[in-house]
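One chain comes next, on its own, written out as structure tokens in the form predicted alone.
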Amino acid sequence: MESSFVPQLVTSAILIVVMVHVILGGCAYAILAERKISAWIQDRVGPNRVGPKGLLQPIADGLKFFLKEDYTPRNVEKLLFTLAPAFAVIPALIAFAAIPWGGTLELSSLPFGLAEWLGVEDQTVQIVGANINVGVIYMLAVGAMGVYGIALGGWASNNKYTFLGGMRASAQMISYEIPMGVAILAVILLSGTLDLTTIVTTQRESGWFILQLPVAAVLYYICRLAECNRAPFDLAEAEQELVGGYHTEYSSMRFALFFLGEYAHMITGAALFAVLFLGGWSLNPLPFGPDLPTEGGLLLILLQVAVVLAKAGLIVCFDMVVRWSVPRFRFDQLMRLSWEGLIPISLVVLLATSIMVFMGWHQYTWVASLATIAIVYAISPILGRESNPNPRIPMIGSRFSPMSDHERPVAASEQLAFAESVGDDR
């Protein structure tokens, strides 16, 4: 069987239309899932009033955003202020085009005799929106464009808090793209390709890359949270410091578009993580044993798509658990984690992977990853560091750092206040 241009074009167009709606619906219910997960972690009930079990709450939220006043403050750059939400959401909605949601579909398996009627009995198509051989570069390039919406929204709002949020987002994006790209380079070295479909088929034969490159997988996951502005890396919208960050001046649907872009970016990034490290549609993480075939009929393709979506959904749920479990970093901690931690470790991982690939020891790459952890642990004592970046300050009544009796301050006016109170009583 061979693939033809017209059937592939039609299949890709249908897939893009379907997946856009799936991701948009996923964004709406990801917000509901986040509210439910946060309620579970905090021992609350969560939304349960609108519809059975609260399942219609996303519809109510959408109507609320449509009906709210779309207010534009004075003294803003109106054109950029209006375009910034679009710049935030569009890259997230076009990045998924290169993700392979399934393997190869044999058109002869189409029901109701469609293959014979269309004259495509002996042809196959790839279940991907854009079957390009540089899919990894495309994903990185489009994903990096999301910062423009945040930076422009922060600058165009003519507000010091929004401007600081946009600057933080820009610095954060630049800092965390470096270890993310280096971690993905390790995957490219091990698979020998930039094609995401080939990366999936390679993992089907040699095992999932999360087993071969566990340190690279952890690095990529941390950088992905930072790229999506997700807690504990949501310094661009820290409400304790910046009111609301880059979206402080936005309301109605323009405000909603920023969060639509965040959740769409999170879903797309989770699907990319599943493709790069979790074998895509593969069900067997080991290099031996049964697994789903790459090429097959319509039922097999539907199963493959369901597997990829299930993996992405689990990763998104884990993102939410991390958000409601880990406190937010300070901005200096955020920068230090990247430049003094993740970047050096990612370079060591890349070097170790290069050595293993050069020697032809692909199946033992996990040994190099474990050696990387040992090397970092061994040299960490000799690296320069602050004496204590987070000292505990003694406080009266604190369970963790109580203040002793001799450290407690005594007010200078204590006796005077007592004398005044006695005089008042007389």
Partner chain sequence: MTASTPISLALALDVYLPVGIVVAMAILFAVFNLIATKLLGPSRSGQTKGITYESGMNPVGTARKRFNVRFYILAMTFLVFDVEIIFLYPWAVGYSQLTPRSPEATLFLGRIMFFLAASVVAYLYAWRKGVFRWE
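Nothing here was measured: the structure is a model prediction, and the numbers come from that model. Positions refer to the first chain, counted from 1.
Below, we turn to the form predicted in complex with the partner chain, even though it does not appear here.
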Spot the stretch among 181-189, 307-315, 203-211, 279-287 with residues whose non-hydrogen atoms come within 4.5 Å of the partner chain in the predicted complex. 181-189
Considering only heavy atoms, tell me if P293 and the partner chain come within 4.5 Å of each other in the predicted complex. no
Please determine whether W324 contacts the partner chain in the predicted complex, using a 4.5 Å cut-off between heavy atoms. no
With the cut-off set at 4.5 Å between non-hydrogen atoms, does F259 touch the partner chain in the predicted complex? no
In the predicted complex, does M320 come within 4.5 Å of the partner chain, counting heavy atoms only? no
I222, A270 and I375 each touching the partner chain in the predicted complex (heavy atom, 4.5 Å): no
Of L194, L300, I127, A217, the one that lies within 4.5 Å of the partner chain in the predicted complex (heavy atoms): L194
Just to make sure I understand: among 338-366, which residues lie within 4.5 Å of the partner chain in the predicted complex, judging by heavy atoms? W339, E340, I343, P344, L347, L350, L351, S354, V357, F358, M359, G360, W361
